[in-house]
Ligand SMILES: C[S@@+](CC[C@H](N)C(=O)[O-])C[C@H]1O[C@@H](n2cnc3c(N)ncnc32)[C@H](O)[C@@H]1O
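Just the one chain here, the form predicted on its own, laid out as structure tokens.
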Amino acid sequence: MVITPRRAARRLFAAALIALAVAAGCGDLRRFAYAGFGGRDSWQHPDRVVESLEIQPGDQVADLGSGGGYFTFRLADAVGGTGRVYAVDVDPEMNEHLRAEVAEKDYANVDVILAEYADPRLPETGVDLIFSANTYHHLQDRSKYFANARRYLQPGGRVAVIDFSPDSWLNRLFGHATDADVIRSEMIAAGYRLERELDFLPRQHFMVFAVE
């Protein structure tokens, strides 16, 4: 691909905004970073992602690293009024923003949870699905994290991981990516088996794991 001056300028601008969001701790900028650049819907395919998860009405789903709620409300629509979505994040400011949106949009089936870095703090009753989009690379000691998270999964529960591919220069620059082989090996070490791998996301890996 030829890098034109205009394209290079856009890349520098995007990188500067992300760096500023992280360094300044500004909630609005962080929410902009969560939303992504270049029209996220066009490459994230959120509706197709949720459809492919085959979520059933009444399911209990954890949105791990919920951020500004990009997937939270779509997941809440999928589980319906008899289900529940737990929007999990370690960022108190983002959680407050999302909590206000939940109230404004009147989603009675969404709970916002302030997690710990090593524990999503999900209800002990368990969930049917732990869903993680663009969060995996932020986690520390991921095999241990997901091994511990198994106690929150109901029988037959699954973990869905979407994370950026290292192919993008921007992802490599900020370390916001994980190699597919690394995800597989870490999740296997945590006691899971790869159930499905979907390939329709152009910038990301998408894998669904079940307890071994």
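Position 1 is the first residue in the sequence shown; the rest follow in order. Treat the numbers as computed from the prediction; the structure is a model and nothing was measured.
The same protein also exists as the form predicted in complex with the ligand; that form is not shown, yet it is the one meant from here on.
You can rule out all but one of 139-147, 51-59, 153-161, 178-186: in the predicted bound form, only 139-147 has residues with a heavy atom within 4.5 Å of the ligand.
Interface membership of V88, defined by any non-hydrogen atom within 4.5 Å of the ligand in the predicted bound form, is confirmed.
Contact check for E116: a heavy atom falls within 4.5 Å of the ligand in the predicted bound form. For the chain shown alone, A133 is a contact residue for the ligand in the predicted bound form, at least one non-hydrogen atom being within 4.5 angstroms. In the predicted bound form, the ligand sits within 4.5 Å of a heavy atom belonging to R40. Contacts with the ligand in the predicted bound form, taken as any heavy atom within 4.5 Å, map to no residue of 180-212.
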